[in-house]
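This document starts with one chain, in the form predicted alone, laid out as structure tokens.
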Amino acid sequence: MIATNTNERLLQIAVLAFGLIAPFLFPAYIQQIALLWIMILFALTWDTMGGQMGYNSLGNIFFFGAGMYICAVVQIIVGGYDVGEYTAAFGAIKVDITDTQYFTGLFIGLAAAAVGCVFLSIILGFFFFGLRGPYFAIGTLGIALAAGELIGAWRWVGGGSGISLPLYPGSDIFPGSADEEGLFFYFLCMASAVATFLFFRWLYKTRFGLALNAIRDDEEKAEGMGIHTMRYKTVAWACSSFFLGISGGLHGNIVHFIEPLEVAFPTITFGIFMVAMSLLGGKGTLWGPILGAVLFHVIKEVTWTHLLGWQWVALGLIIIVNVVYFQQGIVGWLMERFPERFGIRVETDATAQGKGGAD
């Protein structure tokens, strides 16, 4: 067990070191690597529901989009503008936001996105946690699809025309940098992903984590043991939505433009990707979603660059092979083959007989 903890600590240090030096080693790919951190956050938050608790949500992307819009609205208000006028199609105002207004609005907006998504998850939990299995999955998918259509018809937030977010003012936070904005948002994305990992790593080691696993294994028996399953499910979804709201606010500012269907609520892309990444790495494990996110994102970027037109075929084949032949994921397969390296003790027949004789 000591060796396992040491290996995990070395892995954490290696990942953190790579994250700190990556934007300087690969300055031309800052935005792609920043998106990788968001993908890691996606996979970790989905795995809380689908892996640890056994509730396969297809609508977690709803909180990503909701956080994006909440953050944008707060930024506009802090900047001193009326949201309806700012998003008007005729563009009758000239936007002039100071450095202080920009950064104040950004961080208040990210906080509001996180809290707002927690509030939304609690409300939705009362309706959806009465459903189980495929009914829960389809129900959550429906709310994500509906949200995109409803926002697209809401003119106050730009409707289908979307929102252009305030531009980064180019302060002297990183003097001499060729891309101050890229570095600024890169490290915010990295910090959010690292915070997500550390939080869930701690959570899974508590009694709360055991309760989530009990719900996954047999919810009826968990209720019979006195576990308040509704409370645990709601809190778990709220934790996931908290970090998803932050990621939405960050992504909206990175791309500078919010559009309801393709950017804020991309159900057929990011919504599916977060599920596929967790399955590829191994759902229900701590490092599986991270490994799956890294591999999936790298393959996605390579195919988008060199196999344009065939990228969906390549990603589809990966998902099919994973689901049909490799359901335990990479980390799950490694744990089956090399259990001792993960601190898992396997009792052989000889060991069992020895214990029986000793008794």
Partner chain sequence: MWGSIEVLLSLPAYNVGLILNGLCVGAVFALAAYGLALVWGVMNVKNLAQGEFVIMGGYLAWYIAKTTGMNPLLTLPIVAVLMFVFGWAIYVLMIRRVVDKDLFTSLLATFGLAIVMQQALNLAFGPEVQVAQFGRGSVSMMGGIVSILEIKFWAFGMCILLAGAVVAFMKFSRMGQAIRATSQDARAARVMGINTDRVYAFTYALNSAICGAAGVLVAMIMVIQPYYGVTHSVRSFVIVTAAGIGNLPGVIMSALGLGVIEQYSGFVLGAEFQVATVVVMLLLVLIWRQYQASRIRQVVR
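Numbering follows the first chain given and starts at 1. Remember, predicted model here, so these are calculated numbers, not experimental data.
As for the form predicted in complex with its partner chain, it is not shown, yet the points below apply to it.
- Among the residues Val83, Ala137, Ala111, Ile97, the one placing a heavy atom within 4.5 Å of its partner chain in the model of the complex is Ala137.
- Exactly one listed residue, out of Ala238, Val255, Ile272, Leu286, brings a non-hydrogen atom to within 4.5 Å of its partner chain in the model of the complex: Ile272.
- Although the partner is absent from this view, Gln327 contacts its partner chain in the model of the complex, with a non-hydrogen atom inside 4.5 angstroms.
- In the model of the complex, its partner chain sits beyond 4.5 Å of every heavy atom of Phe42.
- Mapping the unseen interface onto this chain, Phe129 counts among the residues with a heavy atom inside 4.5 Å of its partner chain in the model of the complex.
- When contacts are judged by a 4.5 Å heavy atom cut-off, Leu58 counts as touching its partner chain in the model of the complex.
- Contact here is defined as any heavy atom lying within 4.5 Å of its partner chain in the model of the complex, and by that definition each of Ile268, Gly316 and Ile320 is a contact residue.
- Here the chain stands by itself, but in the model of the complex one stretch of 62-70, 27-35, 303-311, 287-295, 303-311, has heavy atoms within 4.5 Å of its partner chain.
- Scanning 33-49 for heavy atoms within 4.5 Å of its partner chain in the model of the complex gives just one residue, Trp46.
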